[in-house]
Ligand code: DBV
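Just one chain is shown here, as structure tokens, and it is the form predicted on its own.
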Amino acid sequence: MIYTKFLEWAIARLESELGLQPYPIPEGFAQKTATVKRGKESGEVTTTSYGACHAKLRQIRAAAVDGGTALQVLNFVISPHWDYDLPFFGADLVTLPGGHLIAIDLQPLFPDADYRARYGAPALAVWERYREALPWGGDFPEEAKPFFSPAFLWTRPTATEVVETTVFAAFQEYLQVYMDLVKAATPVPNRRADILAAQHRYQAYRAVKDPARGMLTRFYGEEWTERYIHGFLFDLAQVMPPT
């Protein structure tokens, strides 16, 4: 799988720099395999989940979908603890027979300029370094824009070699920026209500608009897919229900 080294590097680096604890993966979600038809042939698709946490990070989780030459996906999201106003880290990496869809960002909790400057400037410097090698991938929904930062890396490379080298390097730099922000972060318990409200908005949007819903439903059925999205991928509403 093309994205194995991305996830392995991320886990190893997070372990070495922050130290991680296990995050519970609900029963039935650790790994799921289905046999799907591709024209006149059949093939297997396997979805594997990873979960960890940290004192400042409520959930570090990944969903890796391996469909062989037909489909490769890594969805990697880090959700901060609600005592910290850290942004989310999000990476959606998709490989299809016709090319690749790459989205990496430090996704902001709040729209104000001070917040975006404090948490966005380091990532923006990374984006500037890669903007020519990984050009803008085109328009995305207007309703999604509040959930992305000016450093949003959104690109559609056609060459697999670009993903294995340039995209991998950008992924490493974005995650390093995020880890540095985590290490420097201090609690802001007086903002807990605002932070939780912002986190709920983000997770509710991602859960409702999850682009993987159709794919996962096709592979594993609607019931499993909805439980997976709400019970693991975007589980804040279950862990800390909105007030």
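One rule holds for the numbers: they count along the sequence shown, beginning at 1. Small disclaimer: the values here were computed from a predicted structure and weren't measured.
Absent from the display: the form predicted together with this ligand. The rest refers to it.
Residue heavy atoms within 4.5 Å of this ligand in the model of the complex occur in exactly one stretch of 166-174, 78-86, 121-129, 103-111, and that stretch is 103-111. The closest heavy atom approach of Val94 to this ligand in the model of the complex falls within 4.5 Å. Using a 4.5 angstroms threshold between heavy atoms, Arg58 stays clear of this ligand in the model of the complex. Although the partner is absent here, Ala10 lies well away from this ligand in the model of the complex, with no heavy atom inside 4.5 Å. Contact check for Leu134: every heavy atom lies farther than 4.5 Å from this ligand in the model of the complex.
Contact annotation: of the candidates Leu181, Ile195, Ala52, Met215, the single residue with a non-hydrogen atom within 4.5 angstroms of this ligand in the model of the complex is Met215. Comment: this ligand is not present in this chain, but in the model of the complex one of Pro211, Pro189, Gly68, Gly28 has a heavy atom within 4.5 Å of it, namely Pro211.
Shown here without this ligand, the chain has no residue in 36-53 lying with a heavy atom within 4.5 Å of that partner in the model of the complex.
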